[in-house]
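Heads up, the chain below is alone and in the form predicted on its own; it's given as structure tokens.
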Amino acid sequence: MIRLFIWFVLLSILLISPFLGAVDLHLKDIFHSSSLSAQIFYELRLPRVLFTFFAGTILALSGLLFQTLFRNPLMTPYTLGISSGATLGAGIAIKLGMGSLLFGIGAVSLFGFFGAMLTIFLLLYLSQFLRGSQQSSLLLLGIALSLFYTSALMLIFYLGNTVQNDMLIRFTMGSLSIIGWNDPLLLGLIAALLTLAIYAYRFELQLLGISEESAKLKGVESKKVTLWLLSFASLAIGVLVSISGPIGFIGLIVPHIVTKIYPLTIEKRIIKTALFGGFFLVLCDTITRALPTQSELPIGIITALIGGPFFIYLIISRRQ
């Protein structure tokens, strides 16, 4: 009963969210195509809610994937520095003024993707030198990389002009403000492919979540599966961060909440995690738009306020 109530609340927020904001909309107004309310609803609010939902799906599934593959509840693209790598890549593109398209792809998106992928390969390479304490040491490596990327981004900020610095500040805070349907459709495709990829390897993930030795005994090519899934998740994170900026802690919070609600095997939690991640980020975004502030709060502030204490709780409970 509690589970049904939680899903009902989240679904209700998803349906109500497009009508909330600086300008309150009414249901009857959106059916008049020539009205201002209809333009706001179809060109701004609805694409934003769908973009937010798909972003939450990608972040939650990536968190579930990293926590399973590394068998550590603190592992996410955010804590491992992958989001920071994508942010640095996008920041370099902004600094260089590369707003043009490269091979049909936006330069910011392309640099963000390369930043995420570079971090993944660095982590995989450095993990070869870790032995007994691989999980905790890998987390420390990710934090170290994240700090290095942050320092490099601050150097870019110091060397940039006023316009570039303003873009960097807004970018690093995270934003879900989009116009039109191009970004939601792209992110929806990536979210669907990521969900299908993880679901296709659900049994391998179940074995890898126990131990790498168990997976090898069952004939799983653990290194190949791990590299493939991490690369695909990094691609998704790289594209997302290049559009919205870094959005932290969703990948940390949502898999743990879903596990508490549904203490099932991973193959039965993939779809639930994807949906819950989308609903949860829509809830956070609705809060930012509903607060009576002079300007809209960046989404990264809300997720950090929620995720910071949750991260501390996980560390303490893990220690106990």
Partner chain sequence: MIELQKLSCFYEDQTILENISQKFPKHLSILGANGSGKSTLAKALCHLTPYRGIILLDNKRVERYSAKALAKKIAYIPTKLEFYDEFLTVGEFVLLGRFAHKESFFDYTQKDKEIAQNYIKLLGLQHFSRQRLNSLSSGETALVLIAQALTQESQIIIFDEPTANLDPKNAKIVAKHIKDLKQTHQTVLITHDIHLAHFINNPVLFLKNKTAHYFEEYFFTDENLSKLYDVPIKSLAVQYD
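Positions refer to the first chain, counted from 1. Note that the structure is predicted; figures quoted are calculated from it, not measured.
From this point on, the text means the form predicted together with the partner chain, which you will not see here.
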{"property": "Segment assignment from 162-170, 212-220, 143-151, 112-120: heavy atom within 4.5 Å of the partner chain in the model of the complex", "result": "212-220"}
{"property": "One residue of C284, L50, I266, L252 in contact with the partner chain, assessed in the model of the complex (non-hydrogen atom, 4.5 angstroms)", "result": "I266"}
{"property": "Among the candidates T195, S175, S137, N72, the residue which, in the model of the complex, approaches the partner chain to within 4.5 Å (heavy atoms)", "result": "N72"}
{"property": "In the model of the complex, S231 touching the partner chain (heavy atom, 4.5 Å)", "result": "no"}
{"property": "Touches the partner chain in the model of the complex: L207 (any heavy atom, 4.5 Å)", "result": "yes"}
{"property": "Distance check, F157 to the partner chain in the model of the complex, heavy atom within 4.5 Å", "result": "no"}
{"property": "4.5 Å heavy atom contact, T259 to the partner chain in the model of the complex", "result": "yes"}
{"property": "Residues Q67, A200 and F203 all lining the partner chain in the model of the complex, heavy atom within 4.5 Å", "result": "yes"}
